[in-house]
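In the block that follows, a single chain appears as structure tokens, in the form predicted on its own.
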């Protein structure tokens, strides 16, 4: 039995179908990347997983129990998103205090430690936090919640490079000490490619791809060289997309490499997850 079982999930808003027959089986203690362009349905999926939205069809089960109006199951999930869930008149310290009332395993000492690490002033009111520090605050609450399932919806919104680096390091450190199921929904794919173990790509409300990062990137390669040589080489191959610059060209191929047929003058390199995502979502129709 899957730890998180998403079955035939469909969500409609009037005539608009935000999600269509999503089926996913997520394992315990893994880090997943939930990728998709704006409007693909990522936030809708996370909101259904936390009972903030009711699906039109289908269900989400945690170890066989439906999340719908199930407080016992929902208490095992923490979802960080762009919306502010706390009264803005509260201070950061007050939110830490109240978070422990909702999440009994919330670690206030760890929250204080992270606040010092990130430079978050805990006496400030939520309303006084900048966009970046608002994200820092929400990251700290998510990690300190010690929930079994953590859903992070665009967690690094507004963070500078130093804070993003701190976040990734602390996430991995926290995960190594206390493994749990983590889903990171983000558009900065290159930054999370070394963190996530499996990738879910959603396009137009449907699942385009669900695979391990290692297996996905091993299935293809990038070939670069002169435009003419690349064009001749890729004829008849499963080409995801092509980038051109002057007389040079790079093609992204989802296929096994046969080095014996590789002409001289062409360079081969590994697929890049960000490039793969861009070309998959640009070139593939979801059926």
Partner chain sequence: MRLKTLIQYHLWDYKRAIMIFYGIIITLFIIFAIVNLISPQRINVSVGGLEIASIIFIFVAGVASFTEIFYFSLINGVSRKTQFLAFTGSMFSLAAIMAAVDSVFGFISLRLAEVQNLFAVFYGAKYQGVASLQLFVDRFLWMLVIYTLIAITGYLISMIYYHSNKTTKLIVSILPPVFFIIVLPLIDSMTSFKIFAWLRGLLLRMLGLYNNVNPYIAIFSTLVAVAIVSFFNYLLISKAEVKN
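Residue numbers count along the first chain shown, from 1. Bear in mind the structure is a predicted one, so any value in this text is a computation, not a measurement.
Absent from the display: the form predicted in complex with the partner chain. The rest refers to it.
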The chain here is shown without the partner chain. Which stretch in 210 to 218, 116 to 124, 195 to 203, 99 to 107 comes within 4.5 angstroms of it in the predicted complex, by heavy atom distance? 99 to 107
The partner chain isn't shown here, but in the predicted complex which of 74, 112, 159, 129 has a heavy atom within 4.5 Å of it? 74
If the cut-off is 4.5 angstroms on heavy atoms, which of these, 136, 79, 92, 143, is the one near the partner chain in the predicted complex? 79
Wondering, does residue 279 line up within 4.5 Å of the partner chain in the predicted complex on heavy atoms? no
Flag residue 222 as yes or no: does it have a non-hydrogen atom within 4.5 angstroms of any non-hydrogen atom of the partner chain in the predicted complex? no
I'd like to know whether residue 83 contacts the partner chain in the predicted complex, with contact meaning heavy atoms within 4.5 angstroms. yes
With a cut-off of 4.5 Å between heavy atoms, is residue 250 one of the residues that contacts the partner chain in the predicted complex? no
